[in-house]
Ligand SMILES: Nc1ncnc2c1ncn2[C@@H]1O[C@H](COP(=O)(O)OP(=O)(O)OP(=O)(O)O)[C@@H](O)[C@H]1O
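Quick heads-up: it's one chain on its own, the form predicted alone, in structure tokens.
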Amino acid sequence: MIRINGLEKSFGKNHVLRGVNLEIKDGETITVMGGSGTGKSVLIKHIVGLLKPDKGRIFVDDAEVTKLKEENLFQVQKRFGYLFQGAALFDSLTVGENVAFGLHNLRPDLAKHWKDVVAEKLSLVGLGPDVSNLKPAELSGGMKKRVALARAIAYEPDYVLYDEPTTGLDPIMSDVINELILALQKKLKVTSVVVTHDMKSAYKVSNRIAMLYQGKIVAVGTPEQIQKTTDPLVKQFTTGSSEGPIKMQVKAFE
């Protein structure tokens, strides 16, 4: 279980997180939705300890990650897989080397058989062994996402964090990624946190959805509850309407 209590983070005068409270249950897939620039990626970077908060506490099971020293924090980070927004594959490495990256430090027991691990994880994301020797430049956008996902689960983490997993993909490939998230959650029994503004994806993969707005979680519910909400803030975002409490400044072309 992950518990976030009163999390605050500013970058200069930009107050991104203003007191986030959220509980993530063991084995669930929770989606944190919100507009661009609302702090979704900042939030999950705090969960895994890549950023330190100005205020607040985060617990992963019984470990308070916001206070752990580097060595102890690393032991917690080993339990997380992270799918970066842009896949973040290493261009100089092959697909197989990308998937196996980190095994030596995180799971030396698996590193001894890294080729078998690579083949297994690529198969889980729907890619064949022939892909292993390719370089990232030879892959489509959807294939890059799947390779990055294979890397995220290579060392068998307890938690997987997905940062905008469908961004930049066409609707069909987006749904392929959604199906993979569902399949991996069912097969691997991982706890997953997805951050996105893609409502179709959020409705499909989530057990619960939380909305982040102006640095706080303003609503949490099942996909059905979010879809049926009467909250004008949540309703405007989920329907994609320009009319409502969320105001966007738009400059007309002259």
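One-based numbering along the sequence shown. Keep in mind that this is a model prediction, so the values were computed, not measured.
As for the form predicted together with this ligand, it is not shown, yet the points below apply to it.
Contact annotation: Val60 falls outside 4.5 Å of this ligand in the model of the complex, judged by heavy atom distances. By the criterion of a heavy atom within 4.5 Å, Gln85 is counted among the residues contacting this ligand in the model of the complex. Interface residue remark: His197 is counted as part of the site for this ligand in the model of the complex, having a heavy atom within 4.5 Å. Interface residue remark: Thr239 is not counted as part of the site for this ligand in the model of the complex, having no heavy atom within 4.5 Å. Taken together, Asn133, Ser140 and Lys144 are entirely out of contact with this ligand in the model of the complex: none brings a heavy atom within 4.5 Å.
Only one of 203 to 211, 38 to 46, 223 to 231, 181 to 189 lies within 4.5 Å of this ligand in the model of the complex by heavy atoms, and it is 38 to 46. Residues from 136 to 169 that approach this ligand in the model of the complex with a non-hydrogen atom within 4.5 Å are limited to Glu164.
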